[in-house]
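A single chain comes next, written as structure tokens; it is the form predicted alone.
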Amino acid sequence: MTADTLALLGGPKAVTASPRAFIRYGDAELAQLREALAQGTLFYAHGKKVKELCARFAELHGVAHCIPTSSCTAAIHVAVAALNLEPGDEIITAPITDMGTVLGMLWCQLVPIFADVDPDTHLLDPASVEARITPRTKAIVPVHMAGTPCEMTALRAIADAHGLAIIEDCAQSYLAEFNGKTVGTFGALSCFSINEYKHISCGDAGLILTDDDQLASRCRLLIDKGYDRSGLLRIRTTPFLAMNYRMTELQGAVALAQLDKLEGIVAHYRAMYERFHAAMQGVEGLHLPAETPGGRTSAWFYMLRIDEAALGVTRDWFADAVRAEGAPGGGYIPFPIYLNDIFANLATLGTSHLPYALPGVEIGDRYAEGACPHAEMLLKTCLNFSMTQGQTAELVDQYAAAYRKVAGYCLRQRAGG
């Protein structure tokens, strides 16, 4: 038995270090919660916490308006609804994302269309986006996955050429940058997540940014049953179909405390991401993620893909071996979201199949296997792990050693050694 023997085969583990201790929610959050409770109201329109959160978040991005929501899924639903599109209109988005990106489209009776990704950045390929445009296309929703910004210059040019709106999905990308600008400042609207599994959290909530006064006004009505809380109207009325997606003062209080920590969290994640990335250079059989030219990731998670033919093993075997060494690693979502049952069965409202059954809507093979070959290949061969506050330089170095150890073993076996 040698140090090169895989832990999966009885050898010593490559990872022996432990994560550092950290407290995600502590005194700062408790202080904000006490202040919220002392207000005597937890309703967002009457308290101070949600208002302060929105003001500070808008200022952080240099944007005029920030609208609070109960989740990022709600935020995207509201942003899509704010465009006031017609049933059967199409919105192009990424196939590698959470269902929250598209559910609001379907509730608005819009048709999600999935463009393929670049196999190296793992993000929307602008050429694929342009190829998906039809007379029904009205918007693009770029997903800045894993903290890495999409190629917004190309996507902005496509949108402008075809008269399309852009809604940025920034759920995983706080403070990521493209050409020196923070993501969330390129589209007509942008949406952020404050749920448990993001850079900052208050359990669950969302935020919408926009510089457009009319869109902001519509979003504020959409989150609150259409009620105008500005005090300008004496009669409370509902002008159009709206939702109740209000954020509470308790969510706002915790999010405020977390916002104070955001820059430090992103700095730590970037440092750990860059350290691992540097240590993984030149490992045969592993394809490392590429940064978008002009982009700067906020390092929500690290995703690479393995060359199964070069290594002679499956992705799942490689993942098992890495985890046996004590390092994190596993697949992401099992397949592009267009292969989910909701699309396979066109399952929407009752047995209506709306919006797909609307006159002129043609789905064809848009939701069939093979629709986005790069995305399908990536999800079958990728390994990823999230950056955490508990990671240290020593721990991340050992993660890299584990990946190199497993890859080296595979290559030696492949070569007959």
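A residue's number is simply how far along the shown sequence it sits, counting from 1. Since the model is a prediction, treat every value here as computed from it, not as a measurement.
Another form exists, predicted together with a small molecule; not displayed. Remarks below refer to it.
### Message
Test of understanding: in the model of the complex, would Val143 fall inside 4.5 Å of the small molecule by heavy atoms?
### Response
Contact check for Val143: yes, within 4.5 Å of the small molecule in the model of the complex.
### Query
Looking in the model of the complex, any heavy atom of Asp118 within 4.5 Å of the small molecule?
Close contact is absent here: in the model of the complex, Asp118 is far from the small molecule, nothing within 4.5 Å, heavy atoms only.
### Message
I'd like to know whether Thr101 contacts the small molecule in the model of the complex, with contact meaning heavy atoms within 4.5 angstroms.
### Response
Yes, Thr101 lies within 4.5 Å of the small molecule in the model of the complex.
### Task
State yes or no: in the model of the complex, is some non-hydrogen atom of Ser71 no more than 4.5 angstroms from a non-hydrogen atom of the small molecule?
Yes, contact at 4.5 Å.
### Query
Of these, Asn340, Asn195, Thr248, Gln109, which has a heavy atom no more than 4.5 Å from the small molecule in the model of the complex?
In short, Asn195.
### Query
Pick from Cys150, Ala299, Ile208, Ala171: which residue has any heavy atom within 4.5 angstroms of the small molecule in the model of the complex?
The residue in contact is Ala171.
### Task
Have a look at 93 to 101, 286 to 294, 220 to 228, 237 to 245 and name the one stretch with heavy atoms inside 4.5 Å of the small molecule in the model of the complex.
Of the options, only 93 to 101 has residues within 4.5 Å of the partner.
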